[in-house]
Each structure stands twice: as C-alpha cells, then as structure tokens.
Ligand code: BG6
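Single chain ahead, by itself, as structure tokens, in the form predicted alone.
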C-alpha cells in the first residue's frame, strides 16, 4: 500500500555547514528524495552556506556528485528540478564576511525559513545570535541543531540560552535522527495503537529490557571529535536514552509534541542515579585494541586517532533502573560500542517465564517470550513464541518468531530518517524532536557517571576489535541470570 504524500508549502532551508559531510551524505539526498516523491513545491529554495568560496554552479555540481554517491540519483528531470532549487552563499559564521549578501538573498516573502546548523556545537550560539542581529528570525523561522547539544550540562545550558534568546522554544528543533527511523516510530504505534501489548507493558510481565547499538567501524575521520566526546556523550546521552524513554514512558494524552515530551521527561527524571557509590557495579566502559573486524585486520583506537594514550571510551554498558510503579525492579541494560562483530541497533523486551510449566522442555525449562525490535538494518519486529513442532510423537515445543520485515510487509524500503525529520521541522511538528528540559535531564543523569569515571582513575577496559566488548559487560548482565540477545539473525 503506497503512502500518501502530503505536499509542503514553499520554504527556504538554509544549511550552515553546507559543504560538510553531513550535508552531502544525508541532508541533500534526503531532500532530493522528497523532491522525487513530489513533496516539495515551488518556489522552495535550499541554500548552502559555508566559508568556502564557490559559485552557485560549482556548488550545484558538488551536490549533483553527492546525489549520485549517496542518493542513488542517476540524472534526469527530477535531479535537474532539485538542483534548480540549490543556491550558495560564502559566509564567515564568526565574522562579518558574507552576511550582508546573505541578508539580501533572504529578502522576500514571509515564507517558512528553516536554519539547519550542520556545524560543530561551538558555532550554534554565534550563528543563532547573528541570525537574530541581522533580523532574519521571523515568527515563521525555525532553527535546527544537531547533537551533541554541548559536552555537558553547563555547556548545553549556555547553547540553549543562546538559541532561546533569538527563537521561541517551539521554533527550536533539536534533531536526533534515531527518532526519525520507521521502527522507532512504530514502537509508539505498537504500544499505543494495539490492545495486545500495553496491558503487559509493566513489571508484572516484563523481566528486563535490552537496548544495543553496535557498530563494526572505528572512529574513522571523526577521531578529533570522538576523542573529545566518547561513547557516553556520542550515543548514550541522546540516542539510547531517547529509545529508553519511548519504551518506558506512560501513554501520553495525545500525539501532540508536548504531550509526548512530557512523558519522556518523566522517564529521564525517574532514572536511578549513578554516581561514585555505584558506578563500578552498574557501568562498564571499554576501548578497542587491534584485532580482526569489518572484514580485515584493524588497528587500535589510539592508532586510529594518532595518539599514544587516551582515556576516551569507545564502548559503554549500563544497567539502569526506572523508579516508578510501572517499572520497579525491571533492569534496563544498554550497550553501545565501536569495532564490534556486527552492525545493528535493536531493542529487546524480555517477558517473564510462564508461571507454571506443564510441558517437559529440557533442563532450562520453557524459554521466555521476547519482543525484538530491530531499528537498523533490516528494520522490523520479531515476537518469539513457543509453538508445537508439527507432527506425531508427543508434544515437542519450538521457540520460533513471528517475523515482520518492514521492507517485505510494505514492499518498499524505509525512507531515511532525515527525510521525515526535515519535513516535520518545516511544518513545525516537534513531536520527534527534543525539548530543552529533556536535554537538561539527560545531561543531569550522564554528567555524574562521567565524573565518577574520571575520579576513579581507572582507564577504560581493553577489548579486541571484532569482539563484543570487555568481558565485564557480559558479566554485568549474566550475574543477574540473563544474557545479551543473540536470537535475531
């Protein structure tokens, strides 16, 4: 069944950092696919902004190359139509050069203007303030900022203060591309549009929850950024805590943005604090060494970043608790890392075992049901159930999945997350974006963990590239009588 395409009114999307990797790899291909779907209307403009001097024609040629490489575009009328929307402005974000020309370019009717800051977080505040000073922030303007919002709670507050001095909170869109993924959105549909699961969605029926974001790649060209960030700030503080919120939140009163974000905020504020007293029992951090990964021999993290020594973690495992009536006593296990054996992101909801077994089924008894939600790749949902093995000869039980692949069920590949998020930002729909108090609450939980690690003086635990992280991360879950999920493939 084909999805219904709802056209958007004409708008201007300005991409600061328009010649950067994010713009070429994700943003321009996403916008091109919306053009191809017939969603963009005339006279929509897409304006790239960066320090580099180049003409409109040169910039359009670079976007054309990016569409071929990352957007599966091979020319044709749609590509030419999309490129006709592309403009370029050389501009110094922290100086005066180019701003008067940019202001002239932006003169015109009061259409929606979305300023996308595909830059480092150190430029968020200067760009926002200059947009305000130049009179370019109208009531219909939005600003979109990439994670990370700061490197700790204090710096995040400073950035949010700067954004809030120019734009209303309803016009600030803090983007987390994980929330734009089809499976993540389907998690809300699964919970709140079906009567089957929600009555079981509590500590009486759920034994534990696992969230894994595994990557086979190392830091690659992001070494300088990553060594200042680490896995906790790069993945846990935003992506993984957001996934946890969607799993654990109470049913919102509506699908309106603030109703959703109110419930996510309650989860973040209900997390059991982790500090110097319990950090050793509830967290594991690691750093990859040389090994065999991603199809070949690879070097260590320090070799990848060109340093002899680093205290930055490339792997994190956590055991979290949500202190409320619904989730009391249910552990949430999170793990993420680089140079792991497989690349995938998934959520596993492990249900409790049946209270009384009437079937003989080996020494370990009947396996518990599991709901496995695969976020990427191969987006889909599997519900593992016990059924009778067909045929005579007694009651032989098998643990098998009810399997729904989105690509097979709908006959199409899921759109890129940025396609949905960009159109939502233009429309002013903030449901899938983080509110300021969510960001503050996430940092309030993460900062004490990082401080406890720093005070401990213990370096990250080593693990070989191509393995599942430090052995302590396996012990973290197995000492509770549980194991990390291996039942999706």
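Positions refer to the first chain, counted from 1. None of the values given here were measured: they were computed from a predicted structure.
Note that the form predicted together with this ligand isn't included here; everything after this is about it.
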Sole residue of 335, 264, 285, 338 within 4.5 Å of this ligand in the predicted bound form, by heavy atom: 338
Selected contact from 351, 292, 255, 225, since only one has a non-hydrogen atom within 4.5 angstroms of this ligand in the predicted bound form: 225
Taking a heavy atom within 4.5 Å as contact, would all three of 177, 181 and 235 count as contacting this ligand in the predicted bound form? yes
Only one of 100-108, 235-243, 160-168, 299-307 gets a heavy atom within 4.5 Å of this ligand in the predicted bound form; which is it? 235-243
Residue 130: touches this ligand in the predicted bound form, heavy atom cutoff 4.5 angstroms: no
So in the predicted bound form, does any heavy atom of residue 379 sit within 4.5 Å of this ligand? no
Flag residue 113 as yes or no: does it have a non-hydrogen atom within 4.5 angstroms of any non-hydrogen atom of this ligand in the predicted bound form? no
Could you confirm whether residue 346 comes within 4.5 Å of this ligand in the predicted bound form, counting heavy atoms only? no
Can you name the residues of 188-215 that have a heavy atom within 4.5 Å of this ligand in the predicted bound form? 215
